[in-house]
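Only one chain is given next, in structure tokens, and it is the form predicted on its own.
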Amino acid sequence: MKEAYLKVKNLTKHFPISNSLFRRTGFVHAVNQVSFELYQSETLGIVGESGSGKSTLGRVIMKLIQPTAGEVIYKGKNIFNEPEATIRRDMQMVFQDPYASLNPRMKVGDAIAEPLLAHHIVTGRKEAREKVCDLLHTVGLQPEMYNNFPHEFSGGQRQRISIARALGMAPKLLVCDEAASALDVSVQAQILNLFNNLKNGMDLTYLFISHDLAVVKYISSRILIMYLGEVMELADTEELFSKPLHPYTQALISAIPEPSTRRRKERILLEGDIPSSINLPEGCKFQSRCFKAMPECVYTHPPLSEVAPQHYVRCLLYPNQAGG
């Protein structure tokens, strides 16, 4: 059995809510006891609607936000007990909006060189410039673009710059938070191909966060489905699409556009909106929108069960069957 590269154990993040008198009135339950394992050289896709907690999960794993509870184990140590510098070189993040993550007053070459100098990966400006030019070439940009400013690039080029900056630290793990969603479809395909080429060439491991299940299907070896801060289903990509078990997963797959003249299965339309993450439903978090809901779903919270080898689902329709 493969050894886990990164272990996430019961990770929880609740944001406190205060009124005008700074009195705490409640919590936003963004991430609730999420657990999974990430294996070396794989791409784990994390999918869910807006408000599902997937971006918060990525930021907590990257230690950009402190958790309410839980652990992230990397190299046998809980990263929340370790100094920032000990994990920052191995774990980097690529954000959704590359323009917002770049300083508009800083040349892109200097933006890429800044972390190299701060972490003493290079010894001087000359070596930093050489390293940056190599990184620009790696992501498909011309080294002559070193002295250009972010506004002089297209959205796809800016995302390539953000990727180059992350790669400069020679990370082992990249957390990509909607890294292709703000791009045109043709540019999106180029960036996804770049991610795949970098993964194979540099032996990278990805956490790829997106709301687009079709994009995640293309790039991921396993997929984790989130809803209201919880894991609803986790399985290999091929099995998830051939045998989706959770009603929420089935609805997401049915909504994927298919450029085909074949008659497709009827789309599953989910009624209503996602419940408030401040006042969570008592039972199954999905029961108010579920087309297969049973009476017991209203008051019984289902556990995440392994219903087949390496296929996990949180639904009362599927008891734990992996053991026999």
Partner chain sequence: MIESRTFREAFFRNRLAVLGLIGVVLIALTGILAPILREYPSGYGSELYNQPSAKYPLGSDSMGLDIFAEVIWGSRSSFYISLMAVAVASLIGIPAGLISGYYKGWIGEVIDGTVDIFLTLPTLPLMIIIAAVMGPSITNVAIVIGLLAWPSLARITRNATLKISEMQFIEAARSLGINSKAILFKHIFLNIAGPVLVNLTLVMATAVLAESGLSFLGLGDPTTWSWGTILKKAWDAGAIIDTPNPWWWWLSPSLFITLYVVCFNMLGTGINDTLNPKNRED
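As the structure is a computational prediction, the values presented were derived from the model and not from experiment. Numbering follows the first chain given and starts at 1.
Although not depicted, the form predicted together with its partner chain is the subject of the following passage.
Counting only non-hydrogen atoms, which stretch in 195-203, 243-251, 111-119, 128-136 is within 4.5 Å of its partner chain in the model of the complex? Of the options given, it is 111-119.
Can you pick the one in Ala170, Ala189, Ile73, Ala100 that has a heavy atom within 4.5 Å of its partner chain in the model of the complex? Here the answer is residue option Ala100.
Could you confirm whether Met93 comes within 4.5 Å of its partner chain in the model of the complex, counting heavy atoms only? The answer is yes: Met93 has a heavy atom within 4.5 Å of its partner chain.
Its partner chain contact in the model of the complex: Ala293, any heavy atom under 4.5 Å: Residue-level check for Ala293: no, no contact with its partner chain.
Indicate whether Met62 is a 4.5 Å heavy atom neighbour of its partner chain in the model of the complex. Yes - in the model of the complex, heavy atoms of Met62 and its partner chain come within 4.5 Å of each other.
Are any of the heavy atoms in Ala214 no more than 4.5 Å from a heavy atom of its partner chain in the model of the complex? Contact check for Ala214: no, nothing within 4.5 Å of its partner chain in the model of the complex.
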